[in-house]
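The chain below stands alone and is given in structure tokens; this is the form predicted alone.
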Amino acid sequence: MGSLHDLHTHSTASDGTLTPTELVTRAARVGIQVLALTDHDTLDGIAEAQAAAAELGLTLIPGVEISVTWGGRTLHILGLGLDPTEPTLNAGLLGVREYRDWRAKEIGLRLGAKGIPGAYAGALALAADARFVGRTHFARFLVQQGYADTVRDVFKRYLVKGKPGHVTGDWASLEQALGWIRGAGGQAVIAHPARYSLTGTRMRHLIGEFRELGGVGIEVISGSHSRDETFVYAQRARDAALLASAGSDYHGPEHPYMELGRLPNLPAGCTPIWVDW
């Protein structure tokens, strides 16, 4: 039996391919009982997801995945169980989305300068909501145009540091993101920590600063974590007295790191983030 919780998913409100209603329906169908919708830097899908969850008897945790710049690199911090109407959180996220919009246009210009025309228009056409154009939309466009075979290939060849479509992030600070989450009554969680390729020392610094600022959790189970990484971060969670979270990072059936409903259970000795829910 897999985990009944999936606390990291995306809908068409950001760069997922299922609407909030479709996402919740699919989650209910595969037996998930507690689902968090954590779209990138937006809360726009929450109300629709809550309505669908109420109809299907599933618990919907209002959440968000905030883009953060820390130590010169981009990290993602999840806010779980927050009030999606809280004004300071909403104002902060609006600022992040305005930067994202500028970055999308800049990625398009940079790809165009390297001989890939029409990338911004192509990414925009693939975005369900014109207010959110993310790197995943560029990646899907480049796959469609035959520049790479998979979304993952596109990231490696075009969108990461040192590649033609890379734009250095200038997102929220860790302190801002945690302030917004806590101010809205939420719990802050470091998303998919193994993806950041931080040294052990740097990861300890990040976790230390995150805890000082009021962060409470770390994503131990992630769709992008290997089995070994799961055990490494289970140990880090225990060592730092952080709660353990579990999320697929599901973006839709076309390109799942992990299908909904397939998350393994947390390793022994972890305290789940939902312990007091």
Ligand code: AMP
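Numbers for residues come from their place in the sequence shown, where the first is 1. What you are looking at is a predicted structure, and each value in this text was computed from that prediction instead of being measured.
Omitted here: the form predicted together with this ligand. The next part is about that form.
Taking non-hydrogen atoms only, Arg131 never approaches this ligand to within 4.5 angstroms in the predicted bound form.
Within 4.5 Å of any heavy atom of this ligand in the predicted bound form lies no heavy atom of Ala125. Contact check for Arg152: a heavy atom falls within 4.5 Å of this ligand in the predicted bound form. Within 4.5 Å of some heavy atom of this ligand in the predicted bound form lies at least one heavy atom of Arg103. Stretch-level contact analysis of 77 to 85, 172 to 180, 95 to 103, 108 to 116 against this ligand in the predicted bound form, using heavy atoms and a 4.5 Å limit, identifies 95 to 103.
In the predicted bound form, this ligand lies within 4.5 angstroms of a heavy atom of only one residue of 237 to 254, namely His251.
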